[in-house]
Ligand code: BEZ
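Quick setup: one chain, the form predicted on its own, written in C-alpha cells, and binding and motion questions come after.
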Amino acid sequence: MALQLGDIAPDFTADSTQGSISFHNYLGDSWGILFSHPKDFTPVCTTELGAVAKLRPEFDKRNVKVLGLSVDSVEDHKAWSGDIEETQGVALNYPLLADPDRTVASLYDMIHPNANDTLTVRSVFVIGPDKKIKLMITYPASTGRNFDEILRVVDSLQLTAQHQVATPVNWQHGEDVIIVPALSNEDAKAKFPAGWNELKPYLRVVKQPGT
C-alpha cells in the first residue's frame, strides 16, 4: 500500500557518505527531509544537491535534518561530491544514502515503473519529530526541485503544528495566517487577544503568532 500523509515514515538502516545511518535514531527529536534523486553524475541532481548544501544553515535553524538518496553506491556518492563542490561552489554537508538494492526506494515508493523501472524519481518527504509523514512531493526526473518552496512548507508545518492556524495561498513566514474553522470565536479570543479580521465566519485572518 502506498504511503499516505500521517503514516509513520518507514524506518531503515543504510550506508551513507557519513557512515551507517539508522533513520529514526538519526532523526531523534528533529524534523527530517528525505529526498531522492535518479542517479549520480547527472546534471539536475548536481545542482539540487549543491542548493541543499547552501541551505544547510536554514535547515539547521529549523531543526531539520536532511538526507539525500539514490540507488548508487557510497563510493559513487563520494566521487560525485567532488564534482558538486567544484561546479556548485559548496561542499556536501549532509548524508547521501546509498540504496543499490532499492530497499529504501521500495519502502518509500520512489521507483515509478512507468517513468523508469530502475531509477528513483525526485521524491521529497518531510517527516515530523513524531516520525509521521507531513508532506510528500514527487517531481519527474527532468525537473529540478524548488527547495525554497520546501523551506516555506517546513515553516508552515512547524507553525501550524504549534498553533491552531493554517497558512493561506503563497504564504511566506511573517505574513498573516488563518484561524482554523474548528476553533470557536470564544476560544479564539483567548488564543488571539489582539483580535482578527473576519472576512467570513470561516475565514478569520490574524497576524502570525510569534511575530
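When you see a residue number, it is the position in the sequence shown, counting from 1. Just so it is clear, the model here is predicted, and its values are computed rather than measured.
Below, we turn to the form predicted together with benzoic acid (BEZ), even though it does not appear here.
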Contact stretch among 169-177, 24-32, 42-50, 153-161 - heavy atom within 4.5 Å of benzoic acid (BEZ) in the predicted complex: 42-50
Find the only residue in 133, 74, 141, 90 having a heavy atom within 4.5 Å of benzoic acid (BEZ) in the predicted complex. 141
Contact between residue 38 and benzoic acid (BEZ) in the predicted complex at 4.5 Å, heavy atoms? yes
Partner contacts for 122-136, taking benzoic acid (BEZ) in the predicted complex and a 4.5 Å heavy atom cut-off: 122
